[in-house]
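Listed next as structure tokens is one chain, alone, in the form predicted alone.
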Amino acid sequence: MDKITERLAEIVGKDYVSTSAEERFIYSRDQGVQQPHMPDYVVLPDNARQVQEIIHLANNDSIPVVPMGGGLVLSGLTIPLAGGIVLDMKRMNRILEVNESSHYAVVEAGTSQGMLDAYLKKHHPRLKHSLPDAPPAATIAGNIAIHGSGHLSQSEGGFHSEMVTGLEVVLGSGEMVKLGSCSTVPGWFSRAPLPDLAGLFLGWNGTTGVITKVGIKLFPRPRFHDVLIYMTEDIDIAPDILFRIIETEVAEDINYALSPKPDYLNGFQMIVINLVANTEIELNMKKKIIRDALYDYYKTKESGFMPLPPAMKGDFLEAPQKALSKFADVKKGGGFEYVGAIMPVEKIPDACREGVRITDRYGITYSLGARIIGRGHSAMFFFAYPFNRADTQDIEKVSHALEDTNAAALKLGGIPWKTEVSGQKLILEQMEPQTSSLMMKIKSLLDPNGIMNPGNWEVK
């Protein structure tokens, strides 16, 4: 180990390699219920060439490598299941280019959501990118790699992975490749019309390579922003209400929530509709279009729009939304498990019922909800379970709830999102054998020695 530590120090500098127990402890876990596993080394590279050298070293000595962005994934995807090197990308946080004409930015893999947002507000105030509802320390590359979504859910395909214009990646073999227009010409403006290879690194949990640069789409930042809140007690009318909002094509973001806390939400479903415009006239017109679309419902008095005091409205206008982050510590003790599932919009009522049944079964609290993706093409449904990390019984109950929720999502016709190893196994068991076989062939090609985040997407 001393020799490997010395070699790593030669690559990145001695201040950016650690084998100390206290630092390895930090990198051995995340905020979820997955069991910790200690890495042998923590390494912080400064550039893509250093990443290449680290991967070559790891191949020569058969050392596992786990890439890590903000470390906020919750489901153990950056926990080093087989030890080895945790490759912390935070030093690689440069914003390399912003193209105002073609609306894209190029950033290094360690660039956080907060960094890019602040940079655009200061230097390019007419542009913005789609922010996930995660702490600002979450990275651009980490979020696109797990098919994340954000407050521009109605733009493009809705998933941030569909907003990628190009990638630079170090493969598990140590080779470096560029994907998209940047592979052929200087600009990072598009993945089309070339063969689209970016999908080989999106959703793979770091098992095929290390993303080192990302091209990401930017969008206009309108001057005005407002929000409407629609409340209903009837869970079964939610899909139709959502459809009516979607077909107006005026919302920027549409979210659905069901939670026993705060008290005013208990027994109700809440739909949050975010609107943007360049003039007040345009904004008022969009609000009227939404109200007209839902008139048949709210004229019955069985559902309707909730008035929002200015102080309360401010919380709903935030991007990213902080409500889920605040809820994450409602039990105190710093524990939070988040089960996402990508599913058809019409499955939202059944997903809510199943989530309530599971939490009743284990006596835990919850927050349930969904972000509508694209023009209603799917929903990013979330089952959020906070727990007290100091309470072993609480941890055990949430662990069982997690397993049941993954199984329930598949039974409902959805697919668990950014799931831990046990959830990955459930997906692989249900997957077409030809598809899982293709996954194995691709992994073997890109990571011939099996060093990249072993234990994840293990196809038997």
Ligand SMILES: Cc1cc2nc3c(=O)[nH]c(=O)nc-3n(C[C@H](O)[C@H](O)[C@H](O)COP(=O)(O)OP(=O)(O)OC[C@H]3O[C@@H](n4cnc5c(N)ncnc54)[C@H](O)[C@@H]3O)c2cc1C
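Because the structure is predicted, anything quoted here is derived from the model rather than measured. Don't overthink the numbering: it's just position in the shown sequence, from 1.
Separately, the form predicted together with the ligand exists; it is not shown, and the next lines address it.
Query raised in the report: Among 134, 351, 85, 341, which has any heavy atom within 4.5 Å of the ligand in the model of the complex?
Result: Of the listed residues, the single hit is 134.
Requested in this report: Could you spot which one of 105, 211, 370, 164 gets a heavy atom to within 4.5 Å of the ligand in the model of the complex?
Outcome: It is 211.
Query raised in the report: Might residue 228 be said to contact the ligand in the model of the complex, defining contact as any heavy atom within 4.5 Å?
Result: Close contact is absent here: in the model of the complex, residue 228 is far from the ligand, nothing within 4.5 Å, heavy atoms only.
Query raised in the report: So in the model of the complex, does residue 149 come within 4.5 Å of the ligand, heavy atom to heavy atom?
Result: Close contact exists here: in the model of the complex, residue 149 approaches the ligand to within 4.5 Å, heavy atoms only.
Report task. Give a yes or no for residue 172: in the model of the complex, does one of its heavy atoms lie within 4.5 Å of a heavy atom belonging to the ligand? Result -> Close contact is absent here: in the model of the complex, residue 172 is far from the ligand, nothing within 4.5 Å, heavy atoms only.
Report task. May I ask you to state whether residue 206 is within 4.5 Å of the ligand in the model of the complex, using heavy atom distances? Result -> Flag for residue 206 set to yes.
Query raised in the report: Heavy atoms within 4.5 Å of the ligand in the model of the complex: which stretch among 37-45, 401-409, 63-71, 430-438?
Result: Correct option: 63-71.
Report task. Taking the ligand as it sits in the model of the complex, which residues of 220-257 have a non-hydrogen atom within 4.5 Å of it? Please list them. Result -> Nothing in this stretch is in contact.
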